[in-house]
Ligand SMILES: Cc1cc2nc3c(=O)[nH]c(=O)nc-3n(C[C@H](O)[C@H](O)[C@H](O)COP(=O)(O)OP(=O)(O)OC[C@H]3O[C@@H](n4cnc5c(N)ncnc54)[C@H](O)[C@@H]3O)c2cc1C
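The chain below stands alone and is given in structure tokens; this is the form predicted alone.
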Amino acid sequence: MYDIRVTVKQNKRVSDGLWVLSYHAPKTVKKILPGQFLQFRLTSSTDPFLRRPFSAYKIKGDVIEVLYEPVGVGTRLMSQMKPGDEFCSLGPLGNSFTPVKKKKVLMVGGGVGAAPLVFMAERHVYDKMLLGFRNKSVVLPKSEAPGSKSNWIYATNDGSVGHKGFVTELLEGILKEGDPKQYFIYSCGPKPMLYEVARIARKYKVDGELSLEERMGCGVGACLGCVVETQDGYVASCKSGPVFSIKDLTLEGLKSE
């Protein structure tokens, strides 16, 4: 784990509402795995006070890319950063996705939850990438897809791109049509979406892993601000996760806010 001052290489908009920030971090790229995350401190002031967690999105040489949507103080500050600007990055933190063999991999992402799935897709074979967004303004374009772009299937709440409705409806449609036992699921996104993914996976007896988007203050399990309920009790998702087996999480814990 490294806490280092890094330099912005590029900060670009990839859709109306999504941005990708890249920075040089040669030591970190040698360690980081799909599913792990980083904690950013953008300024030396106390606003924002806490670091912000971001999943690794892509690795290019000694450069790390993160995907984000400017919705709060921290991410709005990020969108204003320019090449040459400096900030602090702590990581890699948490655990990673577990590669599987002899299974058809379905990736289910919601919003910026697509980030760790794209990283995983760059390194491992997958069958389909199911991505859900509010509307077309925040859709991650297929130009960002690693490998075959035909494997990306969209859902938007308003139907402006792809299926009208929730991405979990696409997931259930696939499992209903074929043999569910041939599939394995990786998923990351808002908790209501992950609850549905877990419910559907259990309904069809499909194994998989979920990457939780909890609010993480410290990123190392000290503040206990990101506890989640597992079959064995409550744990800090930043330290025991953020990736968990679907069977290890409780539906009640995913349903609660």
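Fair warning: this is a prediction, and the values are worked out from it, not measured in the lab. Counting begins at 1, following the sequence as shown.
Same protein, other form: the form predicted together with the named molecule, not shown, and the subject of what follows.
The partner is not drawn, yet in the model of the complex one stretch among 81-89, 137-145, 109-117, 162-170 has residues with heavy atoms inside 4.5 Å of the named molecule: 109-117.
In the model of the complex, the named molecule lies farther than 4.5 Å from every heavy atom of Lys27.
In the model of the complex, the named molecule lies farther than 4.5 Å from every heavy atom of Tyr195.
Under a 4.5 angstroms non-hydrogen atom cutoff, the named molecule in the model of the complex lacks Lys31 among its neighbouring residues. Not displayed here, the named molecule is approached by Gly72 to within 4.5 Å at the level of heavy atoms in the model of the complex. Only one of Val228, Leu67, Ala201, Ile64 lies close to the named molecule in the model of the complex, with a heavy atom inside 4.5 Å, and it is Leu67.
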